[in-house]
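Before any questions on how it binds or moves, here is one chain, the form predicted on its own, in structure tokens.
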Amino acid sequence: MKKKSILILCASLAVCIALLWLLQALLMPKYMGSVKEGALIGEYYDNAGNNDVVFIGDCEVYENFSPITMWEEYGITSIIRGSAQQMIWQSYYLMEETFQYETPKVMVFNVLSMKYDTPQSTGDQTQREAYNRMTLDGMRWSDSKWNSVLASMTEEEKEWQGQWSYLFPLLRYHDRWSQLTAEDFQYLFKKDQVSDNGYLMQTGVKPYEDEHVQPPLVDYTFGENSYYYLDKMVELCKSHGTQLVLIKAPSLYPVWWDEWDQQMVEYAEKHDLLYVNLLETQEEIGIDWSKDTYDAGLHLNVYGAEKLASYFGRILVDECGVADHRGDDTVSAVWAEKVATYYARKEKLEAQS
């Protein structure tokens, strides 16, 4: 009788755990509709391995560089680990986690997030948490994710549920019943791929017309915490024999101040890093802000992203020695599928524009 009771108890626990997992999966956002950015981090794992170049950073990487173009023109195998409003500590832990899956020849980090020294407790705390979720929920569990959670939480989040709501997302999303849509049921077990190796494609065109004026800052010095994580990136890449390349992607706003740029120039010189400010080479790249942006200069559309990838791919080849894999039949076969998916997506989005 005792053995039977134990078996019944174990079976009951297993059923409860399964139901809780199913409930959590249902209630968590799927990011398949208008907010696709939340799906990007999770898509990495299906494409991890054998990437010579990994881009890390915010929307200035996942909306501005086309890995498919770099493959077609240079045979570069690359992937983007980007997410909306990605903070530098999140970038570091994503970089750290990446080395669990592959050791790229080059890590490319976009330096815009240097301007954020601590977790942002803005007037809209819910929005700040939503950005954290779009980066952290998609990561697989590891020390890197746990440490990123601890580094990312605002004071308000700590007061709400703390890190346990990232460990058990049901604690955060248990009251999302009223927001459920058909999408939540459709993608309960399997999601569509929304990106092309981390690149989130946009085909719309909204020209840059009005200058975005930002008032000068009181202090242009990047914070100690930002430098702390940038130093950790340098040491991490060095320990794996990976070249760290710093970039500032081209965008017309938010402003990338000359004082910020000079700090990155000096940092790169001190640490023997390549730093490329792509704002300075917009004409050489061929970016036309009347045609190559979908949101009036904040990000590039696919036509601008292809131009930027073509330009930056040459830098990766000439200055970083990244290899051309188009002569490898096995690699070429994998990328042929990626290319076909990319152009099918492009054709579909252009038809909808």
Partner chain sequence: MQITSFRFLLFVAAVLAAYYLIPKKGQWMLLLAVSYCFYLWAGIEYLGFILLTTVSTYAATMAMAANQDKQAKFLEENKETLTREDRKASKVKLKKTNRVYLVGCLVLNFSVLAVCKALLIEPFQTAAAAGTLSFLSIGLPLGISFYMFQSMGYVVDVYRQTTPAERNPFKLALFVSFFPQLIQGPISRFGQIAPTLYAPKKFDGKQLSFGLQRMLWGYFKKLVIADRIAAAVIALRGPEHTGVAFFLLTVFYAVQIYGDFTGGIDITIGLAQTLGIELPENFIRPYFSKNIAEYWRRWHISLGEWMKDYIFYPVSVSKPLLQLSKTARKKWRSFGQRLPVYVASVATWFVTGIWHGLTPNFVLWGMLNCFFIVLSEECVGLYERFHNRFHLKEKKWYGGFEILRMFILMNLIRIVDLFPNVSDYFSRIGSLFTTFNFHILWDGTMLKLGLTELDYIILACGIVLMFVISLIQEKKGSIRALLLQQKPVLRYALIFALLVIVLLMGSYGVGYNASAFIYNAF
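These numbers were taken from a predicted model, which means no experiment stands behind them. Residue numbers count along the first chain shown, from 1.
The form predicted in complex with the partner chain exists for this protein as well; it is not shown, and the discussion that follows is about that form.
J.: Given the partner chain in the model of the complex, answer whether the residues 170, 174 and 178 all have a heavy atom inside 4.5 Å of it.
T.: Spot residues vs the partner chain: full contact, yes.
J.: Only one of 156, 73, 261, 102 gets a heavy atom within 4.5 Å of the partner chain in the model of the complex. Which one?
T.: By the 4.5 Å criterion, the partner-contacting residue is 156.
J.: Tell me, yes or no, whether residue 164 is in contact with the partner chain in the model of the complex, where a contact means a heavy atom of each within 4.5 Å.
T.: Contact check for residue 164: yes, within 4.5 Å of the partner chain in the model of the complex.
J.: Report yes if any heavy atom of residue 20 sits within 4.5 Å of a heavy atom of the partner chain in the model of the complex; otherwise report no.
T.: It does: once the partner chain is placed as it appears in the model of the complex, residue 20 has a heavy atom within 4.5 Å of it.
J.: So in the model of the complex, does residue 330 come within 4.5 Å of the partner chain, heavy atom to heavy atom?
T.: Flag for residue 330 set to no.
J.: Wondering, does residue 27 line up within 4.5 Å of the partner chain in the model of the complex on heavy atoms?
T.: Yes - in the model of the complex, heavy atoms of residue 27 and the partner chain come within 4.5 Å of each other.
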